[in-house]
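The data below hold one chain only, encoded as C-alpha cells and taken in the form predicted alone.
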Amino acid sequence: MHAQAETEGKPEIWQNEVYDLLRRNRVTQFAYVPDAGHKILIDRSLADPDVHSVALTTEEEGVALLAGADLGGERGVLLMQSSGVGNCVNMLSLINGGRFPFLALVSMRGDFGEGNPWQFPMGQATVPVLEAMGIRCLRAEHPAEALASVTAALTMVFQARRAVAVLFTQKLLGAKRF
C-alpha cells in the first residue's frame, strides 16, 4: 500500500479531480508510458471516448505527439515518470525551437521514502534537466498543491504557450515498495 493511502485515505480523489480539470480545459490528447503513479489518469483517458490516449514505447515520442496535437489544434499532456525525463532530453530541445505549448505531469522517483537505488540519479536530475531545456517545474506534495499546480500549468501552457512540468512527489503519490 502506498504511504499516502495509509495516511490520507483516498488518493484517487485528487487524481480524478486532476483528470476532470484537464478535460474541462479541453485536453484531449493523453500520451503516456505505463506508470502506477498515473494509473487513474491513464485508465480514465482510456475509458473516455472523447480523448485520444496513446501508449508510448518511450517518453520522447510524447514530445512529438504534443507538437503534432498543437499543430492540429488540440491540447495534450505527457504522463511520465521522472526516469523518463532522461529519455527525452534531445526531443525537449524541439519545444523552444518549435514554440509549441508543452504540459507534462511527472511522477517523481528517487526522493521521499524511495527504496530503489536505481531511481535516485534521475530523480535528482529531473528538475535541473527540465529547467536546462527551458521547462518550468511546479512541485506538488499534497492533493491541494496538485490541483493548484495543474491549474497554474494549464494557464501557463495553453494561454502563454510555455512549457511546464508538474512534478507529483513521492509524498503525494507514496513511495513504491522495492
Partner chain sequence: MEGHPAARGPANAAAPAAPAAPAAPRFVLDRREAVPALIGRHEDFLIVTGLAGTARDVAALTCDGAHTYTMAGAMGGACMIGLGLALARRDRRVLVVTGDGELLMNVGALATIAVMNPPNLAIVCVDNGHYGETGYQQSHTSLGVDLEKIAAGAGIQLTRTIEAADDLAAGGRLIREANAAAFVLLRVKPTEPPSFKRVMDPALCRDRFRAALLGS
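This is a predicted model, so every value here is computed, not measured. Residue numbers count along the first chain shown, from 1.
The same protein has a further form, the form predicted in complex with its partner chain, not shown here; the description that follows concerns it.
Contact with its partner chain in the model of the complex holds for all three of L71, E74 and G97, each having a heavy atom within 4.5 Å. This chain lacks the partner; the member of I42, M133, L56, M122 within 4.5 angstroms of its partner chain in the model of the complex by a non-hydrogen atom is L56. Put simply, A64 is close to its partner chain in the model of the complex: some heavy atom of it is within 4.5 Å.
Interface residue remark: E141 is not counted as part of the site for its partner chain in the model of the complex, having no heavy atom within 4.5 Å. Contact annotation for R161: at least one heavy atom lies within 4.5 Å of its partner chain in the model of the complex.
Within 4.5 Å of any heavy atom of its partner chain in the model of the complex lies no heavy atom of E145.
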